[in-house]
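Two forms, one chain: they're shown below as structure tokens, one block per form, named structure 1 and structure 2.
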Structure 1
């Protein structure tokens, strides 16, 4: 995607690797992936040095985000895994609605899937 200064592309995904160091080998892998889908753009970037950021995708045991009431007066929105850009805006509206006592844009069955208390036996959190 276009960025303020250049383009942004990636990323590698290596299960169990918790390193957050920038690696030349990962840049090479990302270049190869880009070349497979956008060869023209990849060729234009051939001689351009890359900068990168590495991180760990924060995930949960059931791979669903955590969004909702965690404890009285305390709300959480996390565990977005590799889909934060997709889910964060909607779930942010959901958490804000819960905090304000307003109607959530997320239907109840979907809200139950991301309820922070879903692993805790007992009644579900108020949604």
Structure 2
């Protein structure tokens, strides 16, 4: 993606890695991914030094987000991992609908996949 000071690309995610340091090998992986998708752009960036940011992504054991009722009056939307841009808008509408007692835009079978109580024994939280 074009950015003010160059090009923004790449991201790495290694499950279980809690380090937040910028790493040369992650830059190399991102360059390789860029080369596979956009070889012309990757070639133009071969000699350009890279800078980056690193952090820890919130994810769940089953890699599905958490979106729903945790306790009476307490709702959560978390655990999106690397798919926040994709899932956050729809799941935010889902959580808002639950909080307001309105129909959710997420079908019940899909809502069950992101229900916070999916790991607890017994019935799932109301949808």
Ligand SMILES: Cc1cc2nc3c(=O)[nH]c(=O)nc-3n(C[C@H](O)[C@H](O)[C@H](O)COP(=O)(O)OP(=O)(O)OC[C@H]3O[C@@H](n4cnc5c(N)ncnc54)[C@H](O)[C@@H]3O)c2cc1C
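Numbering follows the first chain given and starts at 1. Fair warning: this is a prediction, and the values are worked out from it, not measured in the lab. Take the two forms, superpose them, and find the largest set of C-alpha atoms that agree within 1.5 Å; that set is the rigid core.
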Form predicted alone, is that 1 or 2? 2
Have a look at 55, 85, 37, 107 and flag the one at the hinge, given that one rigid part turns against another between the two structures. 55
How far, in degrees, does the smaller rigid part swing between the two structures? 23
Once the two forms are fitted on their core, CA shift of residue 47 between the two structures in Å: 8.5
